[in-house]
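A lone chain, given as C-alpha cells: the form predicted alone.
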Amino acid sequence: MADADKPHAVVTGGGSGIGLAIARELSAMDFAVTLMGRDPDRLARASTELPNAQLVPCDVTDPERVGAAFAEAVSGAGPVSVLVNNAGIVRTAPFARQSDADWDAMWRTNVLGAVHCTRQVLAPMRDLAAGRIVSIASTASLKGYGYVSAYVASKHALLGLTRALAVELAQTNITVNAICPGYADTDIIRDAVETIAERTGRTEADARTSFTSSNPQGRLIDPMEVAGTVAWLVSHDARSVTGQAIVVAGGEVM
C-alpha cells in the first residue's frame, strides 16, 4: 500500500519500459506511486521492483474504468499531484492497409486515454500547492514517420492537447508538458528487432540499425533518460516550464 503522507504520482502504462522507469524515479524522489496498466500480470511483475507501489489495473480507453481506478488510487494514496500519461500503443502498416479499427484503437488509447485520466485529476489538483501533468508523446508528435500514420496523428493530437491545456491552466498551480523520446530501449523495440530479423533474414544487430540510424548519436534512448526528464519537470525548479515538448532523442529533432 502506498504512503498517503507522501505526494502521490500516478503513472499509466506503468508496468514496463518507460513507464516503469518513470515510476522508479518518482519513487526514489519519495513520491507515493500508483502504477496503472491493462495487464495485471505485468503490474505484478513490476511490483517486484517497486514493492511499495500501489497497483491499479486500468484500461485508459474506458472512462468508467478510469474513474473507478482513480477513485481507488486516491483512496489508497491521497490526491494526485503528478499524473504521467504514458499509456500508448502503436500498430505498423502502410497507410492503405491501416483499418478504421487501427485508427480507433490508437486514438482511444493515445489521445482519449490521456483525456480520461486528466479529467480525473484536474479539479482536485487545483487545490494542491502544485500539480504536474506530463504526457509521453514521442518524436512522432513533432515529425512524420512512414508506416505509422495513425500513431503519428495520435501523438500530434496529444501534443496539441498538452499545449492547449498549458495555456488554459497557466494562471493556476498546474503545469502541463510533453516529453518526446526517440526510439527507446524497451521490449517493444526489442520485439520489433526480432521480427525484422526473422522476416528479412538480417542479423539482429543489422535490424537494430532500423531504429538507431535516426538518432544522430547512433543509439537507442535509455528509459531512465526519459525518467530523469520527468523528475525535473515535476520539481519546483520547473514551475515556469509549461506547454513544452521536450525532445529526448539524441539530436534527431532540433
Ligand code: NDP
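Quantities reported herein were computed from a predicted structural model and do not represent experimental measurements. A residue's number is simply how far along the shown sequence it sits, counting from 1.
Below, we turn to the form predicted together with the named molecule, even though it does not appear here.
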item: Whether P7, V230 and S235 all lie within 4.5 angstroms of the named molecule in the predicted bound form by heavy atom; value: no
item: Per-stretch contact check against the named molecule in the predicted bound form, the hit in 87 to 95, 165 to 173, 69 to 77, 119 to 127 (non-hydrogen atom, 4.5 angstroms); value: 87 to 95
item: Contact flag, A137 vs the named molecule in the predicted bound form, heavy atom cut 4.5 Å; value: yes
item: Partner proximity in the predicted bound form: G17 to the named molecule, non-hydrogen atom cutoff 4.5 Å; value: yes
item: In the predicted bound form, S149 touching the named molecule (heavy atom, 4.5 Å); value: no
item: 4.5 angstroms heavy atom contact with the named molecule in the predicted bound form for R208; value: no
item: Residue (of Q54, S27, T61, T212) lying close to the named molecule in the predicted bound form, criterion heavy atoms within 4.5 Å; value: T61
item: Within 4.5 Å of the named molecule in the predicted bound form: residues from 39 to 54 (heavy atom criterion); value: D39, R42
